[in-house]
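Next up is one chain by itself, shown in structure tokens, the form predicted on its own.
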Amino acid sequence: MTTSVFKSDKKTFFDPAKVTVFFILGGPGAGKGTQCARLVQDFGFSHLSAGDLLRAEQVREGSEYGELIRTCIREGTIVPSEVTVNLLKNAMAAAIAEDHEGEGWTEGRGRFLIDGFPRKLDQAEMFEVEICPASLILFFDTTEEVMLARLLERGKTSGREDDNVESIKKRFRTYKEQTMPVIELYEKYNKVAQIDSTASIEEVHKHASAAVMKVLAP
């Protein structure tokens, strides 16, 4: 059974004996989404992007969080933890129910790649204590120069309002100040696989796949 890096006597929403979670972290433009798509094909994961869930929520009619999310995305800051964690919990429950034809998560084992999360320590703690502990962080690491070039290229076609130089620089700063401490904490518990994502997509995929296999093999 996966254990949490945070001490708590609370029972999590999902049973960690039945649900496996991999957090996917790396700076903006590190290649997280590309690699998640490959790992879904390899292992049958459900891929949940925290950013995609937030972007969908901001335009959902009647959302109480829409304006808050829009402001955070525009400013390159992090959306409050309870908002993101609740969106992820609901998406996980929906995916598991769909996988098991409505039988519910207790009937089977769910495997999730949670992309772009947790972006700060209190997000990590809230998720691990309330939702489910993570088995591993896949940390895709490259330089800011590489990430900036990728994001500006993506911005030509993505339509994302945060794919511009000003927002990107704010996101880099937020990443270094708030997300790197998350990675450093998990490293203390040997729960981080650091992968150089400067290499080719195929090379990065090979290393990411091997890291996942180490966790799933037992």
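Every value quoted in this text rests on a predicted model; they were computed, and no experiment measured them. Don't overthink the numbering: it's just position in the shown sequence, from 1.
As for the form predicted together with a small molecule, it is not shown, yet the points below apply to it.
**Student:** Could you tell me if T77 has a non-hydrogen atom within 4.5 Å of the small molecule in the predicted bound form?
**Tutor:** Yes.
**Student:** Can any non-hydrogen atom of K191 be found within 4.5 angstroms of the small molecule in the predicted bound form?
**Tutor:** Judged by the heavy-atom cut-off of 4.5 Å, K191 is well away from the small molecule in the predicted bound form.
**Student:** Is F117 close enough to touch the small molecule in the predicted bound form, meaning at least one heavy atom pair within 4.5 Å?
**Tutor:** Yes, F117 lies within 4.5 Å of the small molecule in the predicted bound form.
**Student:** Report yes if any heavy atom of Q123 sits within 4.5 Å of a heavy atom of the small molecule in the predicted bound form; otherwise report no.
**Tutor:** Contact check for Q123: yes, within 4.5 Å of the small molecule in the predicted bound form.
**Student:** Thinking of A50, T84 and R160 as the candidate spot, does the small molecule come within 4.5 Å of a heavy atom on all of them in the predicted bound form?
**Tutor:** Yes, the whole candidate spot contacts the small molecule.
**Student:** Which one of R55, R38, K169, R150 is close to the small molecule in the predicted bound form, taking close to mean a heavy atom within 4.5 Å?
**Tutor:** In short, R55.
**Student:** To verify the annotation, which of these, I131, C72, I96, L113, has a non-hydrogen atom within 4.5 Å of the small molecule in the predicted bound form?
**Tutor:** Of I131, C72, I96, L113, the residue with a heavy atom within 4.5 Å of the small molecule in the predicted bound form is C72.
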